[in-house]
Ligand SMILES: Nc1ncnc2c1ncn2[C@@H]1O[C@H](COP(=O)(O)OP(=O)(O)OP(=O)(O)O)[C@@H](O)[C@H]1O
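Below sits a lone chain in structure tokens, taken as the form predicted on its own.
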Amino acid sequence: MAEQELIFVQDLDVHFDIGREGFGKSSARKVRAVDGLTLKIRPGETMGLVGESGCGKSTAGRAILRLVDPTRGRVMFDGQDLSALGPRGLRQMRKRMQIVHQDPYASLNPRMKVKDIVGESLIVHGLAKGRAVAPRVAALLETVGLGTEAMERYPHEFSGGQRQRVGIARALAVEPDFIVLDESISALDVSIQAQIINLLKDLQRDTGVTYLFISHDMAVVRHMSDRVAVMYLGAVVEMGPSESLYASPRHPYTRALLKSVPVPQVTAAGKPTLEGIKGELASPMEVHKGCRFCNRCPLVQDICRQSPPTLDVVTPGHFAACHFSDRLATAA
């Protein structure tokens, strides 16, 4: 693995057994939540991971942290194969990688005060104990824009944005190198989203932390990310620098996602211009013989149904898995 990569995900699968089809059937059915994911994340950057709900984004983020054990493949963290670690080694590695969950209402223990929620990881990892915990917690709360008076309060006493700041403080407590932000602002009001985004950017500037920013909001991802990976049915179908990918998408799915984002203009009839993605999402239980987007793609040809495209370079640093990516060289 190249030295400039902090995270290297190679051919990662996460398949879930959901039981057998019915009487007389011997084979168990599997949901292919993540199916052949390959991804590289550099130190200090924000990698955006986007796609429709159900495409496997959150499962991928959890598998990278080994909160979910992969079915196949490997995740290299700073040269260390996470799949080869036992419980003790994985626990030590937790200090370097954290997660901020989507729902700030469900991810905090309602029976614990903020000082205990944030301080718990300091104690567990031996970073502080006794009287040294409270000053560290106070400093963390100040870092995320909460005063020290928050320490003695319970989660239900905070707004959604404040709770998410507590979640960020908890993740920062162990001074991690890598944080997975799993739809961490999607449950918040737009004005609060902007505050959290600015906070995350400031923290990255000050600490050099690396983010995997998981979201279905294309506009937010563009603002937040250095590079973007577009995921469809468990695999990356396009990846590249944020500006390049948004200005000239080279996969039909990326193009469709961008066209489905509301824009501040209207038609002559006074209705917003908005395009959806045609067709139905294929089942994640299917084994895809050809391109996994072929049943919804306007460019589909016989080769798409028979041969899966590989993630190839279309311009320097920009990759797409499409047999006809050259037809999409202009802006969306």
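Start at 1 with the first residue shown and count on from there. Keep in mind it's a predicted model, so treat the numbers as computed, not measured.
Same protein, other form: the form predicted in complex with the ligand, not shown, and the subject of what follows.
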{"item": "Residue among C55, M47, L37, I64 with a heavy atom within 4.5 Å of the ligand in the predicted bound form", "value": "C55"}
{"item": "Partner proximity in the predicted bound form: V313 to the ligand, non-hydrogen atom cutoff 4.5 Å", "value": "no"}
{"item": "Distance check, E183 to the ligand in the predicted bound form, heavy atom within 4.5 Å", "value": "yes"}
{"item": "Distance check, A33 to the ligand in the predicted bound form, heavy atom within 4.5 Å", "value": "yes"}
{"item": "Residues P43, L200 and S225 all lining the ligand in the predicted bound form, heavy atom within 4.5 Å", "value": "no"}
{"item": "In the predicted bound form: members of 61-98 within 4.5 Å of the ligand, any heavy atom", "value": "none"}
